[in-house]
Ligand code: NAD
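Here you get one chain, nothing else, as structure tokens; it is the form predicted alone.
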Amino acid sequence: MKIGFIGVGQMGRHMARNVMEAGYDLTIYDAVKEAAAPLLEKGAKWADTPKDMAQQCNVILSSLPTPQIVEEVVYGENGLLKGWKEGDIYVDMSTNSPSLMRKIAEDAAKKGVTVLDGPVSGGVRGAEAGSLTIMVGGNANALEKVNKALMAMGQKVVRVGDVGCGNAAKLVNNLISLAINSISAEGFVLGVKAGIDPQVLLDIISTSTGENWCAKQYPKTTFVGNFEPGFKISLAYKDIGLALGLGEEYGVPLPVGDAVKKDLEDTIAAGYVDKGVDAVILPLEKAAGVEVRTSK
């Protein structure tokens, strides 16, 4: 199986490395060739364009920042659509628009190509460790053919439905987690303003009904003033927009999601667009006149 990987940035470089280290013949492409240098040094091959990659490989994976970039990679002048062959499989692992993935799948099927959407959860640390959760939408037989390659990047691969459902699941996950991130920031600022030590507050929450993954990251992030990504505010804002768009498409009101979008907009306006999502707490701290930090 010849595998191509498009997008070797913050997440993709680790994911592609894990695929290569699992023994697959790997060809890579990125708009910035310098980003591919470490993988090329390890033995990966290079494709000049997505079209060239499609001509060389029978399975292509991609991990890209936005739906617009995925669309360009597929439909551009030298896009995948120009090089695909009957029997090929394409798995887009970006957090993407379900509607776009369904359109790509429909157009690819005319050339005998099967499309899966397989967004991931676990962040950069999960990508590096090969411990991602991969949510796959699409044909079960095609998933069976690429499952071993996907397992090189993750500890759990789940088929959640037809093509597009992988991204629907990811957007629901991010809608929930970003809402928890926002309310955790509010709660900790309130608690510290009221005189509670942040570590004591975390100890209480960790054994109470407010327990959540976002707050558990605070000892490594907020408590020590570390707001480096991780998961960038800019990408979180993109994802909440996609989730709200999905809600509009299906007629589901998402008022909490709207509030989360406003939190992210305020954080971007404050100058933290390239920081990690924990940075939503920074405008709140400024407004309240406190910092949620420990002495450690």
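Being a predicted model, the structure only gives us computed values, none of them experimental. In case it trips you up, residue 1 is the first one in the sequence shown, and so on.
The same protein also has a form predicted together with the ligand, omitted here; what follows describes it.
Asks: Spell out, yes or no, whether the shortest heavy atom distance between G123 and the ligand in the predicted complex is within 4.5 Å.
Replies: Yes, G123 is a contact residue.
Asks: Using 4.5 Å between non-hydrogen atoms, is S94 touching the ligand in the predicted complex?
Replies: S94: contacts the ligand in the predicted complex.
Asks: Though only this chain appears here, would G257 touch the ligand in the predicted complex if you measure heavy atom gaps against 4.5 Å?
Replies: No, G257 sits far enough from the ligand in the predicted complex that none of its heavy atoms falls within 4.5 Å.
Asks: Residue-level question: is Y29 within 4.5 Å of the ligand in the predicted complex, judged on heavy atoms?
Replies: Yes, Y29 sits close enough to the ligand in the predicted complex that at least one of its heavy atoms falls within 4.5 Å.
Asks: Can you say which of 224-232, 248-256, 261-269, 53-61 gets within 4.5 Å of the ligand in the predicted complex, counting heavy atoms only?
Replies: It is 224-232 that comes within 4.5 Å of the partner.
Asks: Which listed residue (V73, I134, L116, I104) meets the criterion of a heavy atom within 4.5 Å of the ligand in the predicted complex?
Replies: The residue from V73, I134, L116, I104 that makes the contact is V73.
Asks: Sequence order please: the residues of 1-37 with a heavy atom within 4.5 Å of the ligand in the predicted complex.
Replies: Going through 1-37 in order - heavy atoms within 4.5 Å of the ligand in the predicted complex - the hits are I6, G7, V8, G9, Q10, M11, G12, Y29, D30, A31, V32, A35.
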